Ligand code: GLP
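One chain is shown next in structure tokens, namely the form predicted alone.
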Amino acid sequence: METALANEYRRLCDDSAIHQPLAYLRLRRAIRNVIEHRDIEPGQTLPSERDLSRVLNLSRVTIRKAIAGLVEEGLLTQRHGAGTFVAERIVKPMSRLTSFTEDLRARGLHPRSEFSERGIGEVTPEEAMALNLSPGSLVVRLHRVRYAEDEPLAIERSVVPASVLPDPMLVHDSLYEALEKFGCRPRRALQRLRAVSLGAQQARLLHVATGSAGLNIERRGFLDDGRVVEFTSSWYRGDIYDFVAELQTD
């Protein structure tokens, strides 16, 4: 791990195409890359700050700052007195608005989707209320199971105004990537999370036992001008996902 990380960090330093003058950001990217390339596996320990400082010729403050950002992203976890580890569970920070695809790619996993519905239809009363649309408006509906490699992680049902996304076939893995091409990627969101027991059909799709613990998340995504461009309900496997939020006093 030390050698792979040192080589990757030096490669980034020497690559003129990468404009990243800050050492801690280069190191953060190097750590992310070696995890993506599976030079270090989930659950394994990162070298100590002292060892990284020695090998990379960086200050421990720089090392600490790079690692702190990856801990916040959920890619690394820290255990007091034990060190820093590559996260085994998928830790999703609720303070950052990122897509399922982006989260998995950052962890070195290959995201993919299996669609059960990908079409256009007339908005339902519930969807109209969530999206602030008039009755009779058209919406794109995306119902799919989200995978990491061959492991099903979540069931997702997304509804987007057809005025924002005219063709549902433009969505392959990432809805946000498709919306970004039209300048309509959400900039903020409201989410509601609750614990649920997965029903028989949900459990079958997620390859778990009926009644297994799950997490239901309902999200409404907004543009800067206040328009709602996404209404998504997702059911995540509770044995794999942790959702974390940073809390601060005023």
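Note that residue numbering follows the sequence shown and begins at 1. Everything quoted here is computed from the prediction, not taken from an experiment.
Not on display, but discussed next: the form predicted in complex with this ligand.
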Notebook entry, point to check: If contact means any heavy atom within 4.5 Å, which of 154-162, 129-137, 75-83, 116-124 contacts this ligand in the predicted bound form?
Noted result: 154-162
Check: Are all three of Arg146, Thr232 and Tyr236 close to this ligand in the predicted bound form, meaning a heavy atom of each within 4.5 Å?
Finding: yes
Notebook entry, point to check: Does this ligand come within 4.5 Å of any heavy atom of Arg219 in the predicted bound form?
Noted result: yes
Check: Judged by heavy atom distances of 4.5 Å or less, which residues of 36-65 approach this ligand in the predicted bound form?
Finding: none
